[in-house]
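In structure tokens, the next block holds one chain alone, the form predicted alone.
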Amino acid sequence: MNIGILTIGNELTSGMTQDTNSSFIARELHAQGWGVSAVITVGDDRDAIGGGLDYLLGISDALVVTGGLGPTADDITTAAVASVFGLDLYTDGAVLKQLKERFDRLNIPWTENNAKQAMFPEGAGIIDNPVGIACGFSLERGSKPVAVMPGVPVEAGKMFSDGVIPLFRDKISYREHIAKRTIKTFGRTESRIDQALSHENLEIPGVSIGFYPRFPEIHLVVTSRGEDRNNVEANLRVTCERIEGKLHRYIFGYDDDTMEGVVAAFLTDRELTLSIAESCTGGLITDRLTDVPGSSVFLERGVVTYSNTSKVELLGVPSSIIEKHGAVSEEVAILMAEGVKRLAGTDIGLSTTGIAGPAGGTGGKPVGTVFVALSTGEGTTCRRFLFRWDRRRIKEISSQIALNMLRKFLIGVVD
């Protein structure tokens, strides 16, 4: 089955807002074993919306539409869809009542233009919106289902998973079984991973492997398809085992795992405590770890010691060491990790210091020079890195490397 995706909004065609809905929907469709015939983005224009609908319906078995369901004058998707389908609009009394109750509950003043969000084409099915205001709706053109949702990504994502996928499954016969696993790696480029797997027998009927770079990680999505569920799952398992045999050193997680989530789980299981001193990463490591529920169990504190003075006053790094070696140095990184560990009384101390650029580099320490240190009961280690990316990416990969160093220590892997 091939499905078209139509995203709508002047904010998308102007470049003011990035279209994340189409990429999310495409990934989820592929995870179901369905293909994507085309992705089209149009502005809030009736003719453009109508043209997009007609084209995609001509080449697709089903259609997903996002955007333009709000209360303002430029939200014209519902009316445009109704026009293409030759349907009148009506106000759904139950949805209107639900809208007003939600506004009251949230203490938001009601204005009459909000009633527009309770209008639907005649005969449409309602797609509930559990995390927002505007409901979506579904129609059929011949035997082809069309699902229309708001453009807010968090709303579209939830509605697509909970409402649209079950709808498509009900409307379209679906005999093929699908099994999928995402293998998450860090520490090798896409080309080197491909080379490492080139001599492995991964040619199993019905199994495909996709490479999906997600800086700074490389994700491998293994998908197995077939009519026999047992064979599908067995083929997936064998393929993943062969990949793991080649890449185990660089695999840190699977499916919904994150580097910070994996590290948090190891720290919690081992009942170890952590403190962090960050300079060039500016608190990014701490931010990532505190995104994990329950991180207070292991994370005692995170400090951003950006200036030389803060390194001296808060972490006890001697000013003479900074003057001699520079704030970006192995010596200072080690003292930062040991200082925050001692200050917080934790089992582990982690630190970063570096030059994220675009200025500040020297011949001996160019922009992109980063030191990451890890202090444990077994001693302190420090590694130097040199990156060639922009400031933001240097911060991101530095935080990833720091977390990965901690992960390797926790599982007993020695570089």
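Fair warning: this is a prediction, and the values are worked out from it, not measured in the lab. Throughout, we count residues from 1 along the sequence that is shown. For clarity, a rigid core is taken as the largest C-alpha set superposing within 1.5 Å between two forms.
Quick note: we don't show the form predicted together with a further copy of the same chain, though the next part is all about it.
Novice: Considering R249, K324, R169, R192, which brings a non-hydrogen atom within 4.5 Å of a further copy of the same chain in the predicted bound form?
Specialist: Here the answer is residue option R192.
Novice: With a further copy of the same chain left out of view, which of R214, R229, R270, K97 would have a heavy atom within 4.5 Å of it in the predicted bound form?
Specialist: Spelling it out, the residue with a heavy atom inside the cut-off is R214.
Novice: Is H30 close enough to a further copy of the same chain in the predicted bound form to count, meaning some heavy atom within 4.5 Å?
Specialist: Yes.
Novice: Check G253 for me: does it contact a further copy of the same chain in the predicted bound form (non-hydrogen atoms, 4.5 angstroms)?
Specialist: G253: no, not in contact with a further copy of the same chain in the predicted bound form.
Novice: Can any non-hydrogen atom of S295 be found within 4.5 angstroms of a further copy of the same chain in the predicted bound form?
Specialist: Taking the distances in the predicted bound form, the answer for S295 is yes, it comes within 4.5 Å of a further copy of the same chain.
Novice: Quick one: does L202 come within 4.5 Å of a further copy of the same chain in the predicted bound form, counting heavy atoms only?
Specialist: No, L202 is distant from the partner.
Novice: In the predicted bound form, which of the stretches 141 to 149, 118 to 126, 194 to 202, 231 to 239 has residues with heavy atoms within 4.5 Å of a further copy of the same chain?
Specialist: Heavy-atom contact with the partner occurs in 194 to 202.
Novice: Only counting heavy atoms and a 4.5 Å limit, does any residue of 322 to 348 reach a further copy of the same chain in the predicted bound form, and if so which ones?
Specialist: Contacting residue: only L343.
Novice: Note yes or no: does the Cα of E396 move by 2 Å or more between this form and the one not shown after the core is superposed?
Specialist: Comparing forms between this form and the one not shown, the E396 CA shifts below 2 Å.
Novice: Do you see a C-alpha shift of 2 Å or more at G35 between this form and the one not shown, with the core held fixed?
Specialist: Comparing forms between this form and the one not shown, the G35 CA shifts at least 2 Å.
Novice: Any CA movement of 2 Å or more for G206 between this form and the one not shown, core superposed?
Specialist: No, shifts by less than 2 Å.
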